[in-house]
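Take a look at this single chain, the form predicted alone, given in structure tokens.
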């Protein structure tokens, strides 16, 4: 049945929407302020966080919305980064439009190949199977990249030139910040539109009960393949932008460490919220930057402890705090006794 978007629907989720808009507005304002203050370090940290936020949002659409538990999202990130790095250093392609398109296309193709293997077998595959296969793929590709001389082996690809957009060179700083912001906003907008569409309802139905969804006539493998390929393409786009921003590509871009890190972003922020993963990225990559520098050895322990507390007390992530506050502040429905001014029997 087609979802009808009414004013009541808009107001029912208004608190979450206002929070998302406020978060995005804060990011947009923070960039020029940091640039004006000459805080180049924090500007670069925020830019990197926004690019990783694109990867986290894509992962959340696959896992949080559709139920595809992938432990290898870094595979697409790394593929996009290597495609961009090779084109820029060996083919002298520096146009951002071409590089972004190549990364996106490579991610889509990779997602289709891996997704066809995962979802079109003879047997129905569960979440654990998908997680183990993607984890093994991430580990294998990282090992392969670290010994493959044609793509730089353990040294990766260095010296990636600055990209150009419409003939103008994009330098690190505020220019690349706006590229990251626009990319993130486009991805968030597309994800929001998909989630509010009929296809988005099917995605959630497959996540909640795939057998019942198939009984109702929906083709589970096709939906999963489309989502897996699309999120793979977006992840590869993020990897390509990250390579351009950093100026190098490393085998770790394909590895298990990054795949696990992205899941932490999603769990920390909340996988039932579109901007939840972005909250997780900003907290760890920007908010925790000083703590990580001062306590490099203890930092993984701190992150693990915080994540454990969130899982125990806020299973839907930190964005659940806002919903709890709104529910607590909401007026309590009046009972019959309160309306009549007497006891519950109205006497």
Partner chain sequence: MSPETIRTIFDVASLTSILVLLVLGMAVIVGMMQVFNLCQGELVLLGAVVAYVAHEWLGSVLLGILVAPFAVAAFGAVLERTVIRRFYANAAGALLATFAVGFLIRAIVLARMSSQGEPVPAPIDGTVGIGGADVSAWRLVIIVVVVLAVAATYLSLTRTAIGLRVRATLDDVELAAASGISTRRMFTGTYAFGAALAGLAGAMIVPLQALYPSLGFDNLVPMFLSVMVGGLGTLHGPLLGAVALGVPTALLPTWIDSVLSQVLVIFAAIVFMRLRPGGLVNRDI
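Numbering follows the first chain given and starts at 1. All values reported here derive from a predicted model rather than from experimental measurement.
The same protein also exists as the form predicted in complex with its partner chain; that form is not shown, yet it is the one meant from here on.
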Its partner chain in the model of the complex: within 4.5 Å of a heavy atom of each of 132, 147 and 312?
yes
Even though the partner isn't displayed, in the model of the complex is residue 69 close enough to its partner chain, meaning a heavy atom within 4.5 Å?
yes
Is there a heavy atom of residue 90 lying 4.5 Å or less from a heavy atom of its partner chain in the model of the complex?
no
Taking heavy atoms only, is residue 121 within 4.5 angstroms of its partner chain in the model of the complex?
yes
Please check if residue 139 has a heavy atom lying within 4.5 Å of any heavy atom of its partner chain in the model of the complex.
yes
Contact stretch among 273-281, 258-266, 177-185, 157-165 - heavy atom within 4.5 Å of its partner chain in the model of the complex
258-266
Selected contact from 295, 37, 301, 29, since only one has a non-hydrogen atom within 4.5 angstroms of its partner chain in the model of the complex
301
The listed residue (318, 286, 307, 44) that reaches within 4.5 Å of its partner chain in the model of the complex by any heavy atom is 307
